[in-house]
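First comes one chain, alone, set out as structure tokens in the form predicted on its own.
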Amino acid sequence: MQSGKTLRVFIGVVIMGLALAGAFEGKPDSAFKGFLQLQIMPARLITDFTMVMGVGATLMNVAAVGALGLLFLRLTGLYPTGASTAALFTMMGFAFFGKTVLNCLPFMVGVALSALLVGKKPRDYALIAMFGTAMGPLVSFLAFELGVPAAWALPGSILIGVVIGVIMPPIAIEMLRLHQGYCLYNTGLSVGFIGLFTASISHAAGANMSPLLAWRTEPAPLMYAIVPAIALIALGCIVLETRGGSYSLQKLYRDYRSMLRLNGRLPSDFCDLVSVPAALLNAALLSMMYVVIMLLIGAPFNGPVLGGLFTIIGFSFFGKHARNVLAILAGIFLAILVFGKSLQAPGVILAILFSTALAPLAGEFGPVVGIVAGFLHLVMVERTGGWHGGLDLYNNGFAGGLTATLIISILDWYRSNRKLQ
């Protein structure tokens, strides 16, 4: 099987499996009604859709958002790559707690219009459009939290979402220069920057920007099975790739070892730089490593935790691997120990998962810098959520971008001055 086709099969099977799992978790009609209800509910951080509308409805939402992303790739003429796979799984991951089809669409349309305004094709900004759906809660906030009649609020919120989508590419491009690709969640930093202004304007207008916290703690057996099932699908796709004899297990082993030597700095598309089978193996191993970590610390497998695991799966194709995340993880646990944080706190659990955005720092500069980055990340991420009022779903990306910018500025200054001596 051709590698491009293998990636399409992997993504397609995952989306179809999530849709079927959602439909048959309870009654299909109630799950579908719950899915529709999710489209018109608040979505700011942290709103666990599995708590507010159930597992079945949430899985249908995840599948629908994934299908939307896949359709967008098709319409813009792109095929699945490591980068677009990261974007798709991130979209699906946050559809567990914040993204809906309704609140994603305006930003995707706006970014596409932005490309046309400067004489580019929508495909040129497709990844910004997909990752930019992190701002989805703004549409839901304006439409359904302010108490304004829907006849005015919904069209107005969609229009504002489109306008913000138009200005998102130049901001995302500029933010990338700040951290130089050492934060994998560049759009999280960009959307957090925009969120500072939108939240400030909303607050000045008298809107209630109080934090939300819907965090499911009751176990749902199906939620524990989802990531292991995806890991098995990834391994099955590797078998399909090697069955024809054109790709051997020995080559898979060599490719995976080569991948571990990459620093992961943006843009590091493991499918292009190494191979699709090696990226699939990386996704299976890295996701299961974090499943074990979540089990060891007793984290509930709820919507936000699944969102973090999905994001790890996605970026296993685009920057993350076991070698460059471990030092970041060590820094997070060091900060937890120093500051006496609870491992059961939602913010701490999410930081353990999403701090992997800083993996390129450890990959490029070694474990000491990685530990410092992880330590500082936990300190930052507990503050940044309040700055944007929960409107940036990639809050860890916002904190990670700021952390990476601080560290890389100091390292660049040191290296450049050493060269002058």
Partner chain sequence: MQRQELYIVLISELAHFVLEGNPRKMVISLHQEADGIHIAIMDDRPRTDKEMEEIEHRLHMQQRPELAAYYGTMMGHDLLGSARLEMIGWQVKGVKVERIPDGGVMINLWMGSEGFNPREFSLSS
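This one's a predicted model, so the numbers in the text were calculated from it and none came from an experiment. Numbering follows the first chain given and starts at 1.
Omitted here: the form predicted together with its partner chain. The next part is about that form.
*Asks:* Does residue 125 reach its partner chain in the predicted complex, with heavy atoms at most 4.5 Å apart?
*Replies:* It does: once its partner chain is placed as it appears in the predicted complex, residue 125 has a heavy atom within 4.5 Å of it.
*Asks:* Using heavy atoms and a 4.5 Å limit, would one call residue 180 a contact residue for its partner chain in the predicted complex?
*Replies:* Output for residue 180 is yes: heavy atoms within 4.5 Å of its partner chain.
*Asks:* Would residue 265 sit within 4.5 Å of its partner chain in the predicted complex, counting heavy atoms only?
*Replies:* Residue 265 belongs to the contact set for its partner chain.
*Asks:* Is residue 172 part of the interface with its partner chain in the predicted complex - any heavy atom within 4.5 Å?
*Replies:* Looking in the predicted complex, residue contacts with its partner chain include residue 172, since a heavy atom lies within 4.5 Å.
*Asks:* When its partner chain is placed as it is in the predicted complex, are 187, 408 and 415 each within 4.5 Å of it, taking any non-hydrogen atom of the residue?
*Replies:* Looking in the predicted complex, the three residues 187, 408 and 415 all sit within 4.5 Å of its partner chain (heavy atoms).
*Asks:* Just to confirm the contact call: exactly one of 81-89, 230-238, 284-292, 213-221 touches its partner chain in the predicted complex at a 4.5 Å heavy atom cutoff, so which is it?
*Replies:* Stretch with heavy atoms near the partner: 81-89.
*Asks:* Looking at 107, 141, 318, 97 here, can you tell me which has any non-hydrogen atom within 4.5 angstroms of its partner chain in the predicted complex?
*Replies:* Residue within 4.5 Å of the partner: 318.
*Asks:* Note which of 158, 336, 273, 196 lies within 4.5 Å of its partner chain in the predicted complex, where distance is taken over heavy atoms; exactly one does.
*Replies:* By the 4.5 Å criterion, the partner-contacting residue is 273.
*Asks:* Heavy atoms within 4.5 Å of its partner chain in the predicted complex is the criterion; list the residues of 339-366 that meet it.
*Replies:* Going through 339-366 in order - heavy atoms within 4.5 Å of its partner chain in the predicted complex - the hits are 364, 365.
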